[in-house]
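A lone chain, given as structure tokens: the form predicted on its own.
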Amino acid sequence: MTEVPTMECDLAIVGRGMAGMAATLFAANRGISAVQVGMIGELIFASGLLDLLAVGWREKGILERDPWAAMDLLSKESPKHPYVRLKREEIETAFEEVVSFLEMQGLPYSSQTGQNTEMITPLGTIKQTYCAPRSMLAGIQALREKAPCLVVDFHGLTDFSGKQISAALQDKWPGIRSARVPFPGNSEKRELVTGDIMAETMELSKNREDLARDIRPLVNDAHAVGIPAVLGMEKNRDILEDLRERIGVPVFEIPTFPVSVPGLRLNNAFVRGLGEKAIKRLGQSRVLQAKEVNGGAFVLTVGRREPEMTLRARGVILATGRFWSRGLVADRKRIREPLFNLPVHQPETREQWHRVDFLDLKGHPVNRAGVDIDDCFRPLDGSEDPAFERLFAAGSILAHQDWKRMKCGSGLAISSAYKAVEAFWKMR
């Protein structure tokens, strides 16, 4: 058998989603020798929005404009939710560190001070988020003011309909209307695919000139123009300003369905920025096997299908996600954590995973499955003791939270990653 090379570090971070990226950033900023391992994470499928918490009372599904008030409700209703183990200042500090990093990478975000803000979705519904890309800001302001607004879509774009958005919002926003124009270079109205190809097309000045020419006669009384979020990959700010000047009113992006350009931008910003920090990243690799050895160190076998690297680390952060990314795996009887064989909080039987009503306001118990943790975000061994002294967990693998229903995915990922890195830092 061919011997594989060995790499050593203080901290191994397993996962390339939001929790893994944030943990790697926090480690780099604290001078921790870290290595990140993982396949492409879920960020490329993300909307680009940074939710904190919007549903504080799970059984009623009540939306909260104040995420901190929602957390107060959460602490009473779900006392084991990971947020309950975090202080407000820790969450705010974690968010500020990530948002500042993204700003430096040319991806600015905007938020209301301490509040959730309303914005429109590609379905024509209104959702609340804590922090949105600045490219969507003019749309948030237009919705708040109920100002006349034009939503533009493109011939051949099958998964985004301005007509659907405006029709769904007409009662709440009478001044919204829609129009369809050709996408630059698609005069034959062929079917379009959202994503990086459309974004790259908008990088060219000639294409923006053609788009603005088609939109200008349709503006009329509109105070702003909404366009699917495909306005460039790396030059988004410049493209928005260019279109504003050409069209004559502010332009904003509306999130699209996955794979989304804002999600790609977010992933690219982390990859680029972490590379500048000289972080070692074993991309497109999995942890095939993990174990603790004498002295409390961890040995991770890394590769795609066969071992390609041995990684020795003093600590590990599991940011492996849930089922889609195989941070958790399920068979016909139970849910398992495959790397360290950690106990998983879950319903007693598979029959209890889901409720009878698909839209039950209480949610489905399987969506709160995951690993239990202590106050340092260390997975427990089935009792109240940590399974390993320097093994931590962050993100959606954590138990007692339903991030999709409660609109807390990014906030949970960022703040739990912060807490895990801080805990490891203090144990060094």
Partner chain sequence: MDHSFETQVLIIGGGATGTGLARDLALRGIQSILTEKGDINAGASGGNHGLLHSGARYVSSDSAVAAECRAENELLKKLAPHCIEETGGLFVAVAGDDETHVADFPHLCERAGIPATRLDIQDARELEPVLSPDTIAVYQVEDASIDPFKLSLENMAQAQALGSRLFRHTQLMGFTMGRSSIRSALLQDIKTGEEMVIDPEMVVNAAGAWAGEVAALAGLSIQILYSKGSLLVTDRRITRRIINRLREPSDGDILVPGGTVSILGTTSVRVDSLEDIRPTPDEINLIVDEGSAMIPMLAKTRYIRAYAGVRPLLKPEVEENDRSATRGFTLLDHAEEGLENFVTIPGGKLTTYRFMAEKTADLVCERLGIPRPCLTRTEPLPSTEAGRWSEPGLGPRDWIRDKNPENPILCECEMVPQSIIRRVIESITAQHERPDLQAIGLRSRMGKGSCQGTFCGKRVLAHMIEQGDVAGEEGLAHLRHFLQSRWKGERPVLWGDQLMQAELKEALYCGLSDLERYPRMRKA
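Numbering follows the first chain given and starts at 1. Model, not experiment: these values are computed from the prediction.
The discussion below concerns the form predicted in complex with the partner chain, not included here.
Using a 4.5 Å cut-off to the partner chain in the predicted complex, each of 128, 160 and 405 places a heavy atom inside that distance. Per the 4.5 Å heavy atom criterion, the partner chain in the predicted complex is contacted by stretch 41 to 49, the sole one of 23 to 31, 41 to 49, 373 to 381, 387 to 395.
Taking the partner from the other structure, the partner chain in the predicted complex has a heavy atom within 4.5 Å of a heavy atom of residue 330. Among residues of the shown chain, residue 355 is one whose heavy atoms approach the partner chain to within 4.5 Å in the predicted complex. At the 4.5 Å threshold, heavy atoms of residue 122 reach the partner chain in the predicted complex.
The partner chain in the predicted complex comes within 4.5 Å of no heavy atom belonging to residue 235.
The contact with the partner chain in the predicted complex, taken as any heavy atom within 4.5 Å, belongs to 326 out of 304, 76, 326, 88.
With the partner omitted here, the residue from 112, 93, 164, 105 that has a non-hydrogen atom within 4.5 angstroms of the partner chain in the predicted complex is 164. Contacts with the partner chain in the predicted complex, taken as any heavy atom within 4.5 Å, map within 240 to 279 to 255, 256, 257, 258.
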